[in-house]
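In structure tokens, one chain follows: the form predicted on its own.
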Amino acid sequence: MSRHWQLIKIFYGASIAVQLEYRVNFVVNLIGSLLTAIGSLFGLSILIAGGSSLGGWNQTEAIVVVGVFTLMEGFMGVFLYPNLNKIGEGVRTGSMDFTLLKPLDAQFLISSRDVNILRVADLLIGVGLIVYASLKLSSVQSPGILIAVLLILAGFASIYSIWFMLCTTAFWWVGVENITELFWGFFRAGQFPVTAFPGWGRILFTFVIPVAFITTVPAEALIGRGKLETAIGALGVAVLLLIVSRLFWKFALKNYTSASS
């Protein structure tokens, strides 16, 4: 394990050093992230106008969901996009062969080679929105905060697993960019509480695409609405997805014939 942490430090150090040469890009991305967050909050204010609620959530509570969504969005931008989306390129160009020949777990190498610090702004804005809304809610208590943190980590694991499996399909279909963009389109529904959707939407975003477990459930735990069975369900989904993604990766490797075949 210590060897893996050392490699992560080396990978991320090299990646950050390159990106720091273009610091203006960070400012541009920060402005873009702020505008995106403002747009989400503006849309939320329109939906919750005149003191009304959104699926039983008032405006301050709904901001927590937006914050968790923005945090997840930042996680994808910082860690997933610069790594997992290169699987297709590796299969297409043949560089995947060299990755598989290295004396380290290939999934680890593929998942941790790069980091995009230009998207760290999304992480900071997400945390800022969560803290801002939490300070205005008297229902936020220490136990709920601890459970919410655990569920957010589970959300990270769920997103990683789903994204990793989608990108792993590149072993059969090299052009997986459209698949990940399709998932991203569905995931954008996570910026609203799942109860804001009609019945079919709640089923879709809970049991088919587990967006509710990734954004709404951690927010519920934080504001004191969480249920034990729902939290356990979110943790179970994260563990199950991690296991399935690992098994799917092993299956994909067995069917990989390399670019030189």
Partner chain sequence: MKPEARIELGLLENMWRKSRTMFALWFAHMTVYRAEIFIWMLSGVVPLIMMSVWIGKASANGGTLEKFDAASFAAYFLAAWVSQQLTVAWVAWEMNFQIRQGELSSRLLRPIDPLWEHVFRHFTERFVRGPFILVFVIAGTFVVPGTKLTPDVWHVLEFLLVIHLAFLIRFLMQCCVGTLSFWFENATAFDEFLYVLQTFLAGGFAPLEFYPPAIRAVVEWTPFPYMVYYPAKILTGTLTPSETWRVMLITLAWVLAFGILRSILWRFGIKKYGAVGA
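Positions refer to the first chain, counted from 1. Predicted model, so just to flag it, every value in this text is computed and none were measured.
If you look for the form predicted in complex with the partner chain, you will not find it shown, but the lines that follow are about it.
Engineer: Hey, with the partner chain in the predicted bound form, do Ile8, Tyr12 and Gln19 all fall inside the 4.5 Å heavy atom range?
Structural biologist: Spot residues vs the partner chain: no contact at all.
Engineer: I'd like to know if Phe207 sits close to the partner chain in the predicted bound form, meaning any non-hydrogen atom pair within 4.5 angstroms.
Structural biologist: Result no; Phe207 lies far from the partner chain in the predicted bound form.
Engineer: Even though the partner isn't displayed, in the predicted bound form is Asp105 close enough to the partner chain, meaning a heavy atom within 4.5 Å?
Structural biologist: Because no heavy atom of Asp105 falls inside 4.5 Å of the partner chain in the predicted bound form, the answer is no.
Engineer: If we define contact as a non-hydrogen atom of the residue within 4.5 angstroms of the partner, is Phe192 a contact of the partner chain in the predicted bound form?
Structural biologist: Flag for Phe192 set to yes.
Engineer: Contact with the partner chain in the predicted bound form for Ile232, defined as at least one heavy atom pair within 4.5 Å: yes or no?
Structural biologist: Ile232: no, not in contact with the partner chain in the predicted bound form.
Engineer: Given that the partner is absent here, state which listed stretch (130-138, 181-189, 156-164, 95-103) has heavy atoms within 4.5 Å of the partner chain in the predicted bound form.
Structural biologist: Every other range fails; the passing one is 181-189.
Engineer: Even though the chain is shown alone, can you say which residues of 54-85 have a heavy atom within 4.5 Å of the partner chain in the predicted bound form?
Structural biologist: Heavy-atom contacts to the partner chain in the predicted bound form: only Leu54.
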